[in-house]
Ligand SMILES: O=C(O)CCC(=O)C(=O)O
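Given next, in structure tokens, is a single chain: the form predicted alone.
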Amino acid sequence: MLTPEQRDQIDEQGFLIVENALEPFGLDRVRTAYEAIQSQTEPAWAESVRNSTYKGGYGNGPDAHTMGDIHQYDSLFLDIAENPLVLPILKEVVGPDVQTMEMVAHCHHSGTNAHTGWHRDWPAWRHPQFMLKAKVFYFLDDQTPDMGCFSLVPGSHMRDAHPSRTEYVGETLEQMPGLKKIVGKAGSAIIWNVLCWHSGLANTSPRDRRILIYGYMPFWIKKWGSTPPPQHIVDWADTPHRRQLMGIHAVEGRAAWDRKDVPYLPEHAEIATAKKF
């Protein structure tokens, strides 16, 4: 549960730091799993950079290596989506019907430029009680101010305007008024509102900045579209709450939002039958 101080922090500033957030899984174990994915995907990424055929979010390209759908490599990353130190906070700030939208590994290489400019993830769409999207960044290494750390403008989630596309770009990126560089110990995490103005800065340090990225939204926002959930996710989601977390069947929310191409768990069928809609 959020303390009153934490609630004020995330409501007013738009973010919250959770110390030792990877403790349930073991930082070394998470790093090893991350490094295995990076090793498998790096040749194709390097080739795409050489050929200028790279695509994808989070600045994937010459300055950053983005690895999507990391759940397909190791079920550990599905377990982290259900992190018992983080999920209760997300249920308070996103809502009880929270689902995971993305699971990404990201490497911002040492000695590279900023891989994105100042932006927010979408217009100032707000709910009176909940965030429409929260992200969680897990730090796999100590985050220092010179390693291109994730940065945001606290409180900017309450502004209607987007950050300017012509000011505070390139060499003046770090002159954004109110900028806060998010630093912290390896294993910690930041939970933040995607309406905050944010950017990743140039990594002038001798170390890569390695993070895991998770996105969370309410269940009524459709995750899978017309594509069935992958079987390994269906198999992992062996409880009603895991089914909801993976966007398959809701515990909280209308049964009409549930996937019809995945059979209910016996105990989840009872939940759906008890709903009026």
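These figures come from a predicted structure and were not determined experimentally. All residue numbers refer to positions in the sequence shown, first residue = 1.
There is another form of this protein, the form predicted in complex with the named molecule, and it is not shown here; the text below is about that form.
Only one of N193, S156, S199, N203 comes within 4.5 Å of the named molecule in the predicted complex through a heavy atom, and that residue is S199. Checked against the named molecule in the predicted complex, the candidates E174, D121, E167, D142 yield a single residue with a heavy atom inside 4.5 Å, and that residue is D121. When contacts are judged by a 4.5 Å heavy atom cut-off, Y58 counts as touching the named molecule in the predicted complex. Taking non-hydrogen atoms only, T116 approaches the named molecule to within 4.5 angstroms in the predicted complex. A residue is said to contact a partner when one of its heavy atoms sits within 4.5 Å of a partner heavy atom; F150 meets this definition for the named molecule in the predicted complex. Looking at R209, you'd find a heavy atom of it within 4.5 angstroms of the named molecule in the predicted complex. Residues within 4.5 angstroms of the named molecule in the predicted complex, judged by any non-hydrogen atom, belong to 108-116 and to none of the other stretches in 181-189, 92-100, 70-78, 108-116. Counting a residue when any of its non-hydrogen atoms is within 4.5 Å of the named molecule in the predicted complex, the hits in 131-161 run K135, F137, F150.
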